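Below sits a lone chain in C-alpha cells, taken as the form predicted alone.
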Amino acid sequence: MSDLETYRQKAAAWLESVAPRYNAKVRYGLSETENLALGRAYLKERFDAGFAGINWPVEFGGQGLGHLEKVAFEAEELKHGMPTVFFGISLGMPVPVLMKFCQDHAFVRERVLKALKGEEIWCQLFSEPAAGSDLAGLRLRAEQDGNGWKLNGQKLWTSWAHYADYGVIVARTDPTVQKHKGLTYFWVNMKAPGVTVRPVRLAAGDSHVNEVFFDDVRVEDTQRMSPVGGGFGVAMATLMIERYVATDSGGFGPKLDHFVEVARKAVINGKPAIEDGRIRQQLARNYAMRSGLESITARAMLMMQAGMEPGPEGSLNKLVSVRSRQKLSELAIDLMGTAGLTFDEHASHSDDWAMSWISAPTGRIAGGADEMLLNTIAEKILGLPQDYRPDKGVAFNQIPA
C-alpha cells in the first residue's frame, strides 16, 4: 500500500468518526449562525487532528505535506458535506497571500493559526460597483495620512464580510498614472472604525455577499503588502489562486455520480436515460473535462509549492468548470421533470442540481467574468493580440467616468 493510500485511509477513518456531529444531515434546518458555530468547532477539531493546512509550511502551523495529500483529504471530506463554506475563501486566497507577501512573520503566524482553527475569518475586498471584471478600474482611495493611510470608498460582492475579522484590499493610491500602476495592496481590520458591512440578497435566497463601505478607515503602512503602486501584481496572484480554487471548492457542482443516479431513474423513449447515447456522451465529456482541469490544478499547486507563480491556465479552469456546471445542472433538472423544479434554499450547489443551476451565474462573475477570462486565455495562453483599449497609456483621472 502506498503512503498516499495510507494517508487517505487515515483521513477517511477520522472523517467517519466525526461526521455524525458535523455532516450535512446534522446541519439541515440550522440557522446560519448555528452553522457557523458548528463550522468553527469542526475546524478546531480538524486542526487538532493534524488535517489543517495540509500543504502549508510547518512554520505557519501547516503540516508541510504535498498537494496530493491535500487533494486526498478534501476528496474524503467532500463526501460528508462538512461545514467549511464560511472558511473557503479565507483559507483559499487571503491567508495564502498573507503568508507569501506579508513581511511580519510573527503576525502572519498568529493569523494563520487562528484561521486554521476557525477562530478568525478573512475576506477579499476587490470588486466595486464600477469595477470588478476590470479590477484596475477600482476607485476606492488610499491617501497617505502621517505614517499610514486612510481608506475611503466602497467594495461590493464581498463574501462573508459580515463575519470577517480581517480582509485583503486593493486601493487606488495614485490616480495620476495609468490605472494598473496606481494601485496598492493592504490587509485591513474589518472591525476598525469606519468599516460598514451591509448584506446583499442573491437570487438563490442567501446573503453571503456584502457591500462594504470605508469612511476614513486608518491602516498603518505596516499593513501594506505590496510596493506603493505595485498592488495590481499581488491582486493578480490572488485572482489566479481564486481561479484554481473554483474547481476545488465545488465549481463543478454535484459529483458525476449524482448525475448517473438521475439518469438511471429518468426515462427517455421508454428506456432509462442512462442508456441514451446523448446522455452517455455528456457524461463522458464531463468526466474528461473534470479530469483535465484537475490535472491543471494539481500542476499549478505543485508549482506554487516550488515557489513558482500559478499560471494563466487558472482562467481556463474557472471558465470551463462553472460553464459546464450550469449546462449539466440544466440537463439534470430536465431529466428530473417536475421534481427538478423543487427548490431548497438551504441546499448546497455541491449536492443539489437546482441550487447548482441558479447559483451558477454568480460563479460566472466571481473571480472574473467569462468575457475577461476569454481575453486572458486568448492573450496569455494562445498568444493572440490584445483587444483594443482606449484607456491604455492614459492616466486614470483622465479616463471618462
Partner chain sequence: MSLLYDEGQQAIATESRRIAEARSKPEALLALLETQGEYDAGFWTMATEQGWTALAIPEEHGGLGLSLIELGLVAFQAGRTLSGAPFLTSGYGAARALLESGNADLQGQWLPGLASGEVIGTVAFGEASSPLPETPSVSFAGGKLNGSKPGVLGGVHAGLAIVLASDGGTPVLVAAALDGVARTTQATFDNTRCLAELHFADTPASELARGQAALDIALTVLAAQAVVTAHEQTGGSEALMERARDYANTRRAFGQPIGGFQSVKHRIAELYTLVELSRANGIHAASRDGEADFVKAAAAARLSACEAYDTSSRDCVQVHGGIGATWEAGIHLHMRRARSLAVEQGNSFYWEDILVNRILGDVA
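Between two forms, the rigid core is the largest collection of C-alphas that superpose within 1.5 Å. Numbering follows the first chain given and starts at 1. Note that this is a predicted model, so its numbers are computed, not measured.
Below, we turn to the form predicted in complex with the partner chain, even though it does not appear here.
Participant: What stretch, of 319-327, 205-213, 129-137, 115-123, brings heavy atoms to within 4.5 Å of the partner chain in the predicted bound form?
Facilitator: Heavy atoms within 4.5 Å of the partner chain in the predicted bound form occur in 319-327.
Participant: Which pick from R280, R141, K100, H258 sits with a heavy atom within 4.5 Å of the partner chain in the predicted bound form?
Facilitator: Filtering the options by heavy-atom distance leaves R280.
Participant: Heavy atom within 4.5 Å of the partner chain in the predicted bound form: which of V177, L302, I268, L78 fits that? Just give me the one.
Facilitator: Selected residue: L302.
Participant: Mark R109 yes when one of its heavy atoms lies within 4.5 Å of a heavy atom of the partner chain in the predicted bound form, and no otherwise.
Facilitator: Result no; R109 lies far from the partner chain in the predicted bound form.
Participant: Is L30 a contact residue for the partner chain in the predicted bound form, using a 4.5 Å heavy atom cut-off?
Facilitator: No, L30 is distant from the partner.
Participant: Looking at the partner-bound form in the predicted bound form, is P312 within 4.5 Å of the partner chain by any heavy atom?
Facilitator: Yes - in the predicted bound form, heavy atoms of P312 and the partner chain come within 4.5 Å of each other.
Participant: Please determine whether S17 contacts the partner chain in the predicted bound form, using a 4.5 Å cut-off between heavy atoms.
Facilitator: S17 lies outside the contact set for the partner chain.
Participant: From first to last in sequence, which residues of 35-70 have any non-hydrogen atom within 4.5 angstroms of the partner chain in the predicted bound form?
Facilitator: Stretch hits: zero.
Participant: Verify the C-alpha shift of L38 between the shown form and the other one: is it 2 Å or more after superposing the core?
Facilitator: L38 C-alpha, core-superposed: shift of less than 2 Å.
Participant: Rigid core fitted, then: does K318 show a CA shift of 2 angstroms or greater between the shown form and the other one?
Facilitator: Indeed, K318 is displaced by 2 Å or more.
Participant: Does N375 count as moved between the shown form and the other one, where moved means a C-alpha shift of 2 angstroms or more after fitting the rigid core?
Facilitator: Passes the 2 Å threshold, so yes.
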